[in-house]
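Presented below, as structure tokens, is a lone chain in the form predicted alone.
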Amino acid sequence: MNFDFSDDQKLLRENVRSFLAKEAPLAVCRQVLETATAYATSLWQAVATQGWLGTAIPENYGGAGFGRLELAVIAEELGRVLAPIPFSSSVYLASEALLVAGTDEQKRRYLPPLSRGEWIGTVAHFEGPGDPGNRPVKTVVRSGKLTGVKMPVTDGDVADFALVTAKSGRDLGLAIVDLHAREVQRERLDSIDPSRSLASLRFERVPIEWLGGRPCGSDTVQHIFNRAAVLYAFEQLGGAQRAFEITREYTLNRYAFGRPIASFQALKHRLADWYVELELTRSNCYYGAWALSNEAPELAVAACGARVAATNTFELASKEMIQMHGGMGFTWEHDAHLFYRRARYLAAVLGPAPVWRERLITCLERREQAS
């Protein structure tokens, strides 16, 4: 079994990296972070023009008609530049949810403007800190109207619509909500990474329609999150890899006592350990990409493994980057804190690593019992 990308996909990676090197240097991320701007609108428009928003959307719904492997390639490259755009919310979550569970009419209505970048979508799931899987969902739908509060919601302040997890009786589903409706109140929240926005959404009997025409059930909701976890993992891998490359270059060119600091045992062993973690994470991500692109039964296990490995590795990378740059790494002017902020942000958007580790254990136990 070959888990490597094809020559065409590697060429795509080269083209995407070359494009982002010109359009999305780290200065773009810093500019959004240091201003009141919600996201880089010019970069968003450029990405939409490239057709990346519709990478995995079929052509009959206005997309490019490629697969999840191509989308994984793009996700990793966007992670490398810490792209300050709502790509993950709109593509990994909203578009994927519509493709998995939407009706044909919903796909025809929502996917074309999503693929063109005219609309931004998101998924609203959390209702405060902690693991939502360990407590009942309080957001409810009664008589076709949704009431409740969701927070934090990624890109909830800029999204045009949200897929909101809600209960109807005992059934859990995803309710499609127009976030411009007067019954919706939005408030931007403080984030550890201001280059990627978070919001609180309050719904007061707002009209909805169910994704798929009816509540899809908790298994479908988790399946959508598993799919998103693989793509988020590639974004985290890209950030961790770029942090490693920047740090390695610095330690090779920074001299102390007449020799590169990378030659000091205390640093070169840490760099070696860091490299090993990157490659192990890459293996987990590739396994997840294979499972996602082939709709394999192993997707749940692969997604949990990729999510846990990528979250831990990006956090490790961001901390090592700061420490190995010495006193300079702790300053506002250095880019190291941009990677730390993004690592912490991505660690929380789908739930922290311990939550996914518990899911991995549960999936493995169920598989063992079934065998």
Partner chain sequence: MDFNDTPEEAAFRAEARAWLEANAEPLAPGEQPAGLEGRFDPDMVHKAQEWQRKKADAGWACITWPKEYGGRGATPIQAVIWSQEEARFKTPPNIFAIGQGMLGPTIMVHGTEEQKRRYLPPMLRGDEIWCQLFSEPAAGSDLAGLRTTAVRDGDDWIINGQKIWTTGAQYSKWGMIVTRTDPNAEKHRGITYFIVDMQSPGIEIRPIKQMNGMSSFNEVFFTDVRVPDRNRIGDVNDGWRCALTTLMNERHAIGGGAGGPEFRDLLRLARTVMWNGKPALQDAGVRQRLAEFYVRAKGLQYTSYRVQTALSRGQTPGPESSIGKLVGAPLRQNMAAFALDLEGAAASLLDLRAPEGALWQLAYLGSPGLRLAGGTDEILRNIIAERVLGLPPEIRVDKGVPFKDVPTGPRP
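Numbering follows the first chain given and starts at 1. On a predicted model such as this, the values are computed, not experimentally measured, just so you know.
Unshown form predicted together with the partner chain; subsequent notes refer to it.
Point to revise | Check all three, Y286, W290 and N312, heavy atom within 4.5 Å of the partner chain in the model of the complex | key: Every residue of the candidate spot has a heavy atom within 4.5 Å of the partner chain in the model of the complex.
Practice item. Note which of V32, A336, L69, L43 lies within 4.5 Å of the partner chain in the model of the complex, where distance is taken over heavy atoms; exactly one does. Key: None of the others qualify; the residue that does is L69.
Check your understanding: Based on heavy atom distances of at most 4.5 Å to the partner chain in the model of the complex, which listed stretch, 170 to 178, 137 to 145, 241 to 249, 222 to 230, is the contact stretch?
Key -> Stretch 241 to 249 is the one.
Check your understanding: Does the 4.5 Å heavy atom contact test between Q185 and the partner chain in the model of the complex come out positive?
Key -> It does not: once the partner chain is placed as it appears in the model of the complex, Q185 has no heavy atom within 4.5 Å of it.
Exercise for review: Flag E358 as yes or no: does it have a non-hydrogen atom within 4.5 angstroms of any non-hydrogen atom of the partner chain in the model of the complex?
Suggested key: Heavy-atom contact with the partner chain at 4.5 Å: present for E358.
Exercise for review: Examine A262 and determine whether its closest non-hydrogen atom to the partner chain in the model of the complex is within 4.5 angstroms.
Suggested key: Residue-level check for A262: yes, a contact with the partner chain.
Review point. Is L99 close enough to touch the partner chain in the model of the complex, meaning at least one heavy atom pair within 4.5 Å?
Key: L99: no contact with the partner chain in the model of the complex.
Check your understanding: Using a 4.5 Å cut-off on heavy atoms, what residues in 266 to 296 are near the partner chain in the model of the complex?
Key -> Residues within 4.5 Å: K268, H269, L271, A272, D273, Y275, V276, E277, E279, L280, R282, S283, N284, Y286, Y287, W290, N294.
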